[in-house]
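One chain follows as structure tokens, the form predicted on its own.
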Amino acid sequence: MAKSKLSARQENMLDFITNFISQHSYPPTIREIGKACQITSTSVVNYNLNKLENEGYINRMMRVSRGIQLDKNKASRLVQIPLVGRIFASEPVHFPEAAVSYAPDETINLTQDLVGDEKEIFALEVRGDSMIDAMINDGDYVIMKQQVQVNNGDLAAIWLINSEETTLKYFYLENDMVRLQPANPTMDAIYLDPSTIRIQGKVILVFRQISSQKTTPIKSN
């Protein structure tokens, strides 16, 4: 069943349950789900869990505090995305480590419904507020597809070779110059020679953290 049948609230709950089980090896309680998804009524949580069960995403053992199980077929389609570091959505920040490949510190688990069959994807934590008008805030996560070329208007992770700085900006190639465009009216565009930058990847999805254990998708390109 397509995940598009679910409401935004049900998608949030399913993502939280999936990540919670991955991290703790046991399912969350109704109250933990409600707290993470900002639902104060346990009856509302229960209603939406029933919807998830009816759609075949979970199985429930009633009268059991942690009686939620992911459907095995759905769980088999989870994608583990390495969270490999930070990207600065601000003025470029000196960050030499960004020039090299990271060893994954941890992973973000998403369903294949969200990332499709994309290969060579990784996650970065966003620092800074230069992309706030693109609904990307400090502390959000961007899911990146590793690639060395992007099209005009793509949101990309850019490595500034000479200054060893990294930044998250919209990419434009104009008159033999690259324009790195923020999405914040208080910040100016950055113009650079194409030979001085390296594209590290394109943003395909943005996630927002709404609790210490929960992320939720807010944007897809």
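Since this is a predicted model, take the numbers as computed values, not measurements. One-based numbering along the sequence shown.
Although it is not shown, the form predicted together with the DNA is what the next lines describe.
Undergrad: Of these, Asn59, Ser163, Thr29, Gln181, which has a heavy atom no more than 4.5 Å from the DNA in the predicted complex?
TA: None of the other options qualify; the answer is Thr29.
Undergrad: For the chain shown here without its partner, which stretch in 150-158, 168-176, 189-197, 30-38 has non-hydrogen atoms within 4.5 angstroms of the DNA in the predicted complex?
TA: Contact criterion met by 30-38 only.
Undergrad: Since only the chain is shown here, I'm wondering whether Arg9 would be in contact with the DNA in the predicted complex (any heavy atom pair within 4.5 Å).
TA: Arg9: contacts the DNA in the predicted complex.
Undergrad: Any of the heavy atoms of Gln69 lying within 4.5 Å of the DNA in the predicted complex?
TA: No, no contact at 4.5 Å.
Undergrad: Considering non-hydrogen atoms and a 4.5 Å limit, does the DNA approach Asn54 in the predicted complex?
TA: Output for Asn54 is no: heavy atoms all beyond 4.5 Å of the DNA.
Undergrad: Just to make sure I understand: among 35-55, which residues lie within 4.5 Å of the DNA in the predicted complex, judging by heavy atoms?
TA: Contacting residues: Ile39, Thr40, Ser41, Thr42, Ser43, Val44, Asn46, Tyr47, Asn48, Lys51.
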